[in-house]
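Form predicted alone, single chain, as structure tokens, below.
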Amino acid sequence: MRKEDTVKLISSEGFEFVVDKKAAMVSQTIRNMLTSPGSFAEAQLGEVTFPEISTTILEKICQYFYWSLQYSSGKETEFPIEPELTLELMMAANYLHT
């Protein structure tokens, strides 16, 4: 896969998730960061840092991006969410507009 087809998402602890750009675009916030006109660092570098999102939550969000793509293409499966992650995931989803 080519570098321009991926985006690097970085958690508050510095852990890096390299995901398909198409999957990351599930998030309206990430889409805006990567496609807005101008010279934004996120668009130039192909990476987005989330200083307020922990590694555990960002990992679950990345899983959701891929699940969402499958769901929208007709593959209906459940997306499991551990109860202890619910509040943090809701706050992150609100920020990311997913």
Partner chain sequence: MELRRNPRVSPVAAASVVLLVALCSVLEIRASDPVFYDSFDEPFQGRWVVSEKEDYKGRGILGSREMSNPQKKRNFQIEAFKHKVVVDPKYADKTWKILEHAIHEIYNHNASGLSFEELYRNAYNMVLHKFGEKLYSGLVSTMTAHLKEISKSIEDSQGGLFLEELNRKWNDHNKALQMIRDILKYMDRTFIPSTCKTPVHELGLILWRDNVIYSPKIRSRLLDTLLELVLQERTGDVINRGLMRNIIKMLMDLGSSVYQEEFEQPFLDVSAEFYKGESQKFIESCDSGEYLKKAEKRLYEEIDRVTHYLDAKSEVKITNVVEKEMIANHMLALVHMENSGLVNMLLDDKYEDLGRMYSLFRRVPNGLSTVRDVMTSHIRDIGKQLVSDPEKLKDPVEFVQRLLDEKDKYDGIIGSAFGNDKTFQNALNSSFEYFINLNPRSPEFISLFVDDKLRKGLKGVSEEDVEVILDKVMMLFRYLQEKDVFEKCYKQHLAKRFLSGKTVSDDAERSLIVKLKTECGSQFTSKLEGMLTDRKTSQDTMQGFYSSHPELSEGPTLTVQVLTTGSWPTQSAVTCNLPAEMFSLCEKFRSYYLGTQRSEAVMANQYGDG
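Being a predicted model, the structure only gives us computed values, none of them experimental. Numbering follows the first chain given and starts at 1.
The protein also exists as the form predicted together with its partner chain; that form is not presented, and the subsequent description refers to it.
Using a 4.5 Å cutoff between non-hydrogen atoms, residue 70 does not count as a contact of its partner chain in the predicted bound form. Using a 4.5 angstroms threshold between heavy atoms, residue 62 stays clear of its partner chain in the predicted bound form. Within 4.5 Å of some heavy atom of its partner chain in the predicted bound form lies at least one heavy atom of residue 40. Although the partner is absent here, residue 16 is not a contact residue: none of its heavy atoms lies within 4.5 angstroms of its partner chain in the predicted bound form. Looking at 52-79, the residues that come within 4.5 Å of its partner chain in the predicted bound form, counting any heavy atom, are 52, 54, 56.
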